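In C-alpha coordinates, one chain follows: the form predicted alone.
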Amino acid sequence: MNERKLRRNQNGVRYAKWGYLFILPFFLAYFIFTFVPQVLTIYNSFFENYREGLKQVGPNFVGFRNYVALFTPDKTGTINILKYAGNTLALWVMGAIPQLVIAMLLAIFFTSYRLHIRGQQFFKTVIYMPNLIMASAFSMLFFTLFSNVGPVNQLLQAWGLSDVPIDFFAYKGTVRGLICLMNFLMWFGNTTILLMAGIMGIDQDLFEAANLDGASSLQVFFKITLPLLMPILIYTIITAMIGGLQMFDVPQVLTNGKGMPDRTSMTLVMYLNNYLGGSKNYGMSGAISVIIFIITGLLSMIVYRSLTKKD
(Lines give C-alpha, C1' and ligand atoms only; values in the text may rest on other atoms or scores of the structure.)
Protein backbone atom coordinates (compact mmCIF):
# COMPACT_ATOMS: atom_id res chain seq x y z
CA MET A 1 0.00 0.00 0.00
CA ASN A 2 2.79 2.42 0.90
CA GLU A 3 4.58 1.72 -2.38
CA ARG A 4 1.36 2.38 -4.35
CA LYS A 5 0.78 5.71 -2.55
CA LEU A 6 4.39 6.66 -3.19
CA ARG A 7 4.02 5.92 -6.91
CA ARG A 8 0.79 7.94 -7.10
CA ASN A 9 2.46 10.87 -5.38
CA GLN A 10 5.41 10.67 -7.73
CA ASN A 11 3.11 10.53 -10.78
CA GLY A 12 1.11 13.45 -9.41
CA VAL A 13 4.24 15.55 -8.98
CA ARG A 14 5.39 14.74 -12.48
CA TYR A 15 1.97 15.63 -13.87
CA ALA A 16 1.96 18.93 -12.00
CA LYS A 17 5.39 19.77 -13.38
CA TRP A 18 4.15 19.26 -16.94
CA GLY A 19 1.13 21.46 -16.18
CA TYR A 20 3.34 24.26 -14.91
CA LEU A 21 5.54 23.87 -17.98
CA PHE A 22 2.56 24.25 -20.34
CA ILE A 23 1.25 27.43 -18.67
CA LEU A 24 4.72 28.97 -18.33
CA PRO A 25 4.68 30.65 -21.83
CA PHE A 26 1.54 32.60 -20.90
CA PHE A 27 3.05 33.95 -17.69
CA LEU A 28 6.29 34.83 -19.47
CA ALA A 29 4.42 36.67 -22.22
CA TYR A 30 2.22 38.44 -19.65
CA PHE A 31 5.23 39.48 -17.58
CA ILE A 32 7.24 40.79 -20.54
CA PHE A 33 4.52 42.41 -22.64
CA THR A 34 1.95 43.48 -20.01
CA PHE A 35 3.26 43.64 -16.45
CA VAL A 36 6.61 45.30 -17.23
CA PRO A 37 5.04 47.99 -19.49
CA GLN A 38 2.45 48.70 -16.78
CA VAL A 39 5.13 49.20 -14.15
CA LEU A 40 7.16 51.41 -16.51
CA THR A 41 4.06 53.46 -17.32
CA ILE A 42 3.41 54.13 -13.63
CA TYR A 43 7.11 54.94 -13.17
CA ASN A 44 7.20 57.38 -16.10
CA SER A 45 4.07 59.17 -14.86
CA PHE A 46 6.14 60.73 -12.07
CA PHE A 47 8.67 62.25 -14.49
CA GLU A 48 8.84 65.25 -16.79
CA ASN A 49 9.87 63.75 -20.09
CA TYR A 50 8.88 65.33 -23.41
CA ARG A 51 10.27 66.75 -26.63
CA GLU A 52 10.08 70.46 -27.45
CA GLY A 53 11.12 70.91 -31.07
CA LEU A 54 14.56 69.37 -31.36
CA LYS A 55 15.18 69.66 -27.62
CA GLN A 56 14.60 66.78 -25.24
CA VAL A 57 13.37 67.88 -21.80
CA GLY A 58 13.96 65.39 -18.98
CA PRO A 59 13.47 62.87 -17.69
CA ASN A 60 13.18 64.89 -14.47
CA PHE A 61 11.39 63.62 -11.39
CA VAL A 62 8.36 65.85 -10.68
CA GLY A 63 6.28 63.69 -8.33
CA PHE A 64 2.54 64.17 -8.76
CA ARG A 65 2.85 67.32 -10.88
CA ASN A 66 1.57 65.54 -14.00
CA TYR A 67 -1.55 64.37 -12.16
CA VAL A 68 -2.14 67.87 -10.76
CA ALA A 69 -1.82 69.32 -14.27
CA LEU A 70 -4.41 66.88 -15.59
CA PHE A 71 -6.99 68.02 -13.03
CA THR A 72 -6.20 71.73 -13.41
CA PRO A 73 -8.89 73.69 -15.33
CA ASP A 74 -7.86 75.27 -18.63
CA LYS A 75 -8.56 78.85 -19.72
CA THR A 76 -12.24 78.08 -20.23
CA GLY A 77 -12.55 76.51 -16.77
CA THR A 78 -12.84 72.98 -18.15
CA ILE A 79 -11.00 70.03 -16.64
CA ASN A 80 -10.24 68.21 -19.88
CA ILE A 81 -9.69 64.74 -18.49
CA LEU A 82 -13.06 64.79 -16.72
CA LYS A 83 -14.76 66.02 -19.88
CA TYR A 84 -13.16 63.30 -22.00
CA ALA A 85 -13.94 60.66 -19.37
CA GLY A 86 -17.59 61.75 -19.52
CA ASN A 87 -17.52 61.57 -23.33
CA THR A 88 -16.05 58.08 -23.22
CA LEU A 89 -18.60 56.78 -20.71
CA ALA A 90 -21.49 58.36 -22.62
CA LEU A 91 -20.36 56.78 -25.91
CA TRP A 92 -19.93 53.40 -24.24
CA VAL A 93 -23.33 53.44 -22.52
CA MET A 94 -25.13 54.63 -25.67
CA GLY A 95 -23.58 51.79 -27.66
CA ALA A 96 -23.47 49.05 -25.01
CA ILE A 97 -27.12 49.08 -23.90
CA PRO A 98 -28.60 48.46 -27.40
CA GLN A 99 -25.81 45.99 -28.07
CA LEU A 100 -26.58 43.88 -24.99
CA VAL A 101 -30.36 44.07 -25.46
CA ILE A 102 -30.31 43.10 -29.14
CA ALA A 103 -27.66 40.42 -28.56
CA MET A 104 -29.70 38.92 -25.72
CA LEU A 105 -32.87 38.85 -27.83
CA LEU A 106 -31.06 37.23 -30.76
CA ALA A 107 -29.34 34.69 -28.50
CA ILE A 108 -32.66 33.68 -26.94
CA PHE A 109 -34.30 33.52 -30.37
CA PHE A 110 -31.64 31.32 -31.96
CA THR A 111 -31.36 28.96 -28.97
CA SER A 112 -35.08 28.71 -28.19
CA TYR A 113 -36.09 25.16 -27.30
CA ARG A 114 -39.59 25.93 -28.59
CA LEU A 115 -38.73 27.43 -31.98
CA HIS A 116 -35.93 25.01 -32.95
CA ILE A 117 -34.30 27.49 -35.35
CA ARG A 118 -32.27 25.76 -38.04
CA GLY A 119 -29.12 27.04 -39.70
CA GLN A 120 -27.59 28.48 -36.54
CA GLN A 121 -24.07 28.23 -37.98
CA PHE A 122 -25.11 30.37 -40.96
CA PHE A 123 -26.67 33.06 -38.75
CA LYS A 124 -23.63 33.06 -36.46
CA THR A 125 -21.38 33.69 -39.46
CA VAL A 126 -23.58 36.47 -40.84
CA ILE A 127 -23.94 38.42 -37.60
CA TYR A 128 -20.22 38.07 -36.82
CA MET A 129 -19.03 39.32 -40.22
CA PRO A 130 -19.14 43.09 -39.36
CA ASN A 131 -16.64 42.35 -36.57
CA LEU A 132 -14.12 41.28 -39.22
CA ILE A 133 -14.13 44.71 -40.89
CA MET A 134 -11.41 47.08 -39.73
CA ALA A 135 -12.71 49.95 -37.61
CA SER A 136 -10.88 52.47 -39.78
CA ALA A 137 -12.57 51.14 -42.92
CA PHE A 138 -15.94 51.19 -41.15
CA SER A 139 -15.37 54.80 -40.08
CA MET A 140 -14.34 55.90 -43.57
CA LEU A 141 -17.46 54.24 -44.98
CA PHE A 142 -19.74 56.12 -42.57
CA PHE A 143 -17.84 59.37 -43.14
CA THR A 144 -18.46 59.00 -46.87
CA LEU A 145 -22.11 58.04 -46.43
CA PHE A 146 -22.95 60.99 -44.14
CA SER A 147 -20.74 63.70 -45.64
CA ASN A 148 -22.31 66.81 -47.15
CA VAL A 149 -22.08 65.29 -50.64
CA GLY A 150 -22.66 61.71 -49.52
CA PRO A 151 -25.48 59.33 -50.49
CA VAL A 152 -27.50 60.01 -47.33
CA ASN A 153 -27.73 63.75 -48.02
CA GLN A 154 -28.47 63.09 -51.68
CA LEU A 155 -31.35 60.77 -50.75
CA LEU A 156 -32.76 63.25 -48.23
CA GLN A 157 -32.73 66.00 -50.85
CA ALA A 158 -34.16 63.73 -53.56
CA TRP A 159 -37.05 62.73 -51.28
CA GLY A 160 -37.73 66.35 -50.37
CA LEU A 161 -36.90 65.86 -46.69
CA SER A 162 -34.18 68.53 -46.77
CA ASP A 163 -33.52 71.51 -49.02
CA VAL A 164 -29.84 71.85 -48.16
CA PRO A 165 -27.23 69.25 -47.18
CA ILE A 166 -27.21 68.40 -43.47
CA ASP A 167 -23.83 68.65 -41.79
CA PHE A 168 -24.06 65.53 -39.63
CA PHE A 169 -20.63 66.22 -38.15
CA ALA A 170 -21.60 69.64 -36.80
CA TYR A 171 -23.96 68.30 -34.12
CA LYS A 172 -23.02 66.42 -30.97
CA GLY A 173 -26.02 64.10 -31.14
CA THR A 174 -25.45 62.94 -34.72
CA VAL A 175 -21.68 62.42 -34.30
CA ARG A 176 -22.16 60.41 -31.10
CA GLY A 177 -25.02 58.52 -32.70
CA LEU A 178 -22.84 57.50 -35.66
CA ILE A 179 -20.02 56.39 -33.36
CA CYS A 180 -22.39 54.31 -31.23
CA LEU A 181 -24.05 52.83 -34.33
CA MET A 182 -20.70 51.71 -35.72
CA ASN A 183 -19.62 50.17 -32.43
CA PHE A 184 -22.97 48.41 -32.20
CA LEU A 185 -22.72 46.97 -35.71
CA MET A 186 -19.15 45.78 -35.15
CA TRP A 187 -19.64 44.12 -31.75
CA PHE A 188 -23.23 42.92 -31.36
CA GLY A 189 -22.44 39.74 -33.31
CA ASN A 190 -19.58 38.81 -31.00
CA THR A 191 -21.78 39.45 -27.94
CA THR A 192 -24.59 37.39 -29.44
CA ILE A 193 -22.32 34.39 -29.99
CA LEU A 194 -21.01 34.59 -26.40
CA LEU A 195 -24.53 34.70 -24.98
CA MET A 196 -25.65 31.87 -27.27
CA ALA A 197 -22.79 29.72 -26.02
CA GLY A 198 -23.78 30.49 -22.44
CA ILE A 199 -27.45 29.61 -23.02
CA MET A 200 -26.54 26.40 -24.85
CA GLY A 201 -24.45 25.41 -21.83
CA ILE A 202 -27.53 25.42 -19.60
CA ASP A 203 -29.09 22.02 -18.96
CA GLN A 204 -31.96 21.68 -21.43
CA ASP A 205 -33.89 19.53 -18.96
CA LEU A 206 -34.58 22.70 -16.98
CA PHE A 207 -36.31 24.31 -19.95
CA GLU A 208 -38.31 21.16 -20.66
CA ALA A 209 -39.40 20.92 -17.02
CA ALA A 210 -40.46 24.56 -17.04
CA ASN A 211 -42.41 23.97 -20.25
CA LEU A 212 -44.22 21.00 -18.71
CA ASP A 213 -45.08 23.10 -15.65
CA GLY A 214 -46.67 25.71 -17.90
CA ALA A 215 -44.11 28.49 -17.35
CA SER A 216 -44.31 31.43 -19.73
CA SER A 217 -41.36 32.64 -21.81
CA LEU A 218 -40.77 35.58 -19.46
CA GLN A 219 -40.82 33.30 -16.43
CA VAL A 220 -38.33 30.94 -18.07
CA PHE A 221 -36.04 33.86 -18.94
CA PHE A 222 -36.05 35.54 -15.52
CA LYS A 223 -36.13 32.37 -13.40
CA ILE A 224 -33.85 30.05 -15.38
CA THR A 225 -31.99 31.66 -18.27
CA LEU A 226 -30.86 34.94 -16.70
CA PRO A 227 -29.67 33.57 -13.33
CA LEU A 228 -27.69 30.74 -14.94
CA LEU A 229 -26.36 33.04 -17.66
CA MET A 230 -25.16 35.66 -15.19
CA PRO A 231 -21.45 34.61 -15.16
CA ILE A 232 -21.25 34.93 -18.97
CA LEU A 233 -23.26 38.15 -18.88
CA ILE A 234 -20.94 39.70 -16.27
CA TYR A 235 -17.92 38.72 -18.36
CA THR A 236 -19.53 40.24 -21.47
CA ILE A 237 -20.41 43.51 -19.75
CA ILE A 238 -16.98 43.95 -18.15
CA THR A 239 -15.08 43.18 -21.36
CA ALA A 240 -17.40 45.51 -23.31
CA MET A 241 -16.80 48.22 -20.73
CA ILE A 242 -13.02 47.79 -20.94
CA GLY A 243 -13.21 48.01 -24.72
CA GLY A 244 -15.46 51.07 -24.47
CA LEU A 245 -13.05 52.89 -22.16
CA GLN A 246 -10.28 52.17 -24.68
CA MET A 247 -12.38 53.47 -27.58
CA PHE A 248 -10.13 55.21 -30.08
CA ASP A 249 -10.16 54.12 -33.71
CA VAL A 250 -13.78 54.88 -34.66
CA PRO A 251 -14.01 58.47 -33.31
CA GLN A 252 -10.40 59.16 -34.32
CA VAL A 253 -11.03 58.39 -37.99
CA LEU A 254 -14.59 59.74 -38.12
CA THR A 255 -13.67 63.14 -36.63
CA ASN A 256 -10.12 63.32 -38.02
CA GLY A 257 -8.75 63.21 -34.48
CA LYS A 258 -10.47 66.48 -33.49
CA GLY A 259 -13.36 65.01 -31.50
CA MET A 260 -15.74 67.43 -33.17
CA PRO A 261 -17.92 69.24 -32.54
CA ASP A 262 -16.21 71.13 -29.71
CA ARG A 263 -14.37 67.99 -28.49
CA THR A 264 -17.66 66.33 -27.49
CA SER A 265 -16.56 63.05 -29.09
CA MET A 266 -12.97 63.15 -27.81
CA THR A 267 -12.22 60.01 -25.79
CA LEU A 268 -9.61 59.33 -23.13
CA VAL A 269 -7.37 57.34 -25.46
CA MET A 270 -7.59 60.09 -28.10
CA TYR A 271 -6.53 62.53 -25.39
CA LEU A 272 -3.68 60.17 -24.46
CA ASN A 273 -2.45 59.97 -28.04
CA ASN A 274 -2.33 63.76 -28.30
CA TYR A 275 0.54 63.66 -25.81
CA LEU A 276 2.21 60.77 -27.61
CA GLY A 277 2.12 62.62 -30.93
CA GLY A 278 4.57 65.40 -31.71
CA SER A 279 5.77 66.24 -28.19
CA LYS A 280 6.29 62.62 -27.08
CA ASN A 281 5.26 63.61 -23.57
CA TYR A 282 5.75 60.29 -21.82
CA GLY A 283 5.13 61.75 -18.36
CA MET A 284 1.64 63.13 -19.08
CA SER A 285 0.68 60.15 -21.23
CA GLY A 286 1.77 57.83 -18.43
CA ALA A 287 -0.37 59.75 -15.94
CA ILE A 288 -3.40 59.53 -18.26
CA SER A 289 -2.82 55.79 -18.68
CA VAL A 290 -2.74 55.30 -14.92
CA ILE A 291 -6.00 57.22 -14.53
CA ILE A 292 -7.63 55.12 -17.27
CA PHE A 293 -6.42 52.00 -15.46
CA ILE A 294 -7.90 53.20 -12.15
CA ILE A 295 -11.23 54.13 -13.77
CA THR A 296 -11.41 50.76 -15.50
CA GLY A 297 -10.67 48.88 -12.28
CA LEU A 298 -13.23 50.84 -10.24
CA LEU A 299 -15.99 50.49 -12.82
CA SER A 300 -15.26 46.78 -13.28
CA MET A 301 -15.51 46.25 -9.53
CA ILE A 302 -18.77 48.21 -9.37
CA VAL A 303 -20.28 46.22 -12.24
CA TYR A 304 -19.16 42.93 -10.74
CA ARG A 305 -20.45 43.78 -7.27
CA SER A 306 -23.79 45.06 -8.57
CA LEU A 307 -24.47 42.02 -10.76
CA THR A 308 -23.41 39.36 -8.26
CA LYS A 309 -25.01 38.52 -4.96
CA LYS A 310 -24.15 36.23 -2.13
CA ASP A 311 -26.25 33.10 -1.77
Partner chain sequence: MKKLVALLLALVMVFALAACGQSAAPAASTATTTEAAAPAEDAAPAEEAGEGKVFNIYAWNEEFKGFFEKYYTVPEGVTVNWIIVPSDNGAYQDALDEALLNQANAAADDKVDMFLAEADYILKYVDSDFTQDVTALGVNEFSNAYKYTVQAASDEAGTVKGVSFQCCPSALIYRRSIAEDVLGTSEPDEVQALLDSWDKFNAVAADAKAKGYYMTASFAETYRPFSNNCTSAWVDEDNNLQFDPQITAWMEQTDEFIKNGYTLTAGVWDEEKNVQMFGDGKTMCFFGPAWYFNFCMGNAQDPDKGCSGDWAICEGPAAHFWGGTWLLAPAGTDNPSMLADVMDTFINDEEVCTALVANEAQFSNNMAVNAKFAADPDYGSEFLGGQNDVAVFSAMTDNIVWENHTIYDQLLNEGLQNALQEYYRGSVDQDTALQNFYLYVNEKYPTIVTP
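Numbering follows the first chain given and starts at 1. Every value quoted in this text rests on a predicted model; they were computed, and no experiment measured them.
FYI, the form predicted together with the partner chain isn't displayed, but the following is about it.
- Across the options 89-97, 161-169, 220-228, 200-208, residues that bring heavy atoms within 4.5 Å of the partner chain in the predicted complex belong to 161-169.
- Of the heavy atoms in residue 46, none are within 4.5 Å of the partner chain in the predicted complex.
- The partner chain in the predicted complex comes within 4.5 Å of no heavy atom belonging to residue 69.
- By the criterion of a heavy atom within 4.5 Å, residue 236 is excluded from the residues contacting the partner chain in the predicted complex.
- Taking the partner from the other structure, the partner chain in the predicted complex has a heavy atom within 4.5 Å of a heavy atom of residue 76.
- Contact annotation for 45-60: residues with any non-hydrogen atom within 4.5 angstroms of the partner chain in the predicted complex are 49, 50, 51, 52, 53, 54, 56, 59, listed in sequence order.
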